[in-house]
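Coming up is one lone chain in C-alpha cells, specifically the form predicted alone.
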C-alpha cells in the first residue's frame, strides 16, 4: 500500500547542486593531508551523502576503507544531548586518519561524541565532512572541515534525511512546508 503524504516539500538544494558539490568536496578532501583513510558514515541520515561522496572520492583518486557507526540520544526520560553508541565499528583506528561523514551539523553533539571516541581510540586525525551546516545551532566547539552547504534554520528532509521515517529517498534536500 502506498504511503500517503500530507506534507509539501520545497526544494532547497537540487540533486544537480548536490552532485556538483560532492565532486568539489571530494577534490578538497583529496588535496588534504589525510592518509591511510577510513571513512566513517554516521547512520542513518548520512547514508546517501556518504555513498555519493565516497564514489566522488574514488573519482578524485582516493580509495578509503568505509565503516558505519550509529549514535543516538537516549530514550525518553533522560537529558537531551546524552548519547549512546548503537552500532560500533570493527576497524582499528589507531594511527589512522578518519573522515567522519554526517548529513547535518546542528548542535554538534553527535559529531563531537564520535570525534572524541575516534581520538580516544588512537586515530591520528579526525576530519569532519557534512552535507549541511546550521552554524546558528552549534553548541560548543565543533566545526566541520568540509561543508557541502550552509543551511538556513529550516527543518529539512530528503537525500537521506527524514521526518517520521519518510522522505529519505528524495534526490534533493527540501524544506518541510506543512500541510499540502
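Since the structure is predicted, the reported quantities are computational estimates derived from the model, not experimental observations. Positions refer to the first chain, counted from 1.
There is another form of the same protein, the form predicted in complex with a small molecule; it is not shown, and what comes next is about it.
Taking non-hydrogen atoms only, residue 18 never approaches the small molecule to within 4.5 angstroms in the predicted bound form.
The small molecule is not drawn, but in the predicted bound form it has a heavy atom within 4.5 Å of residue 154.
The closest heavy atom approach of residue 170 to the small molecule in the predicted bound form falls outside 4.5 Å. Taking the partner from elsewhere, residue 115 is found to have every heavy atom lying beyond 4.5 Å of the small molecule in the predicted bound form.
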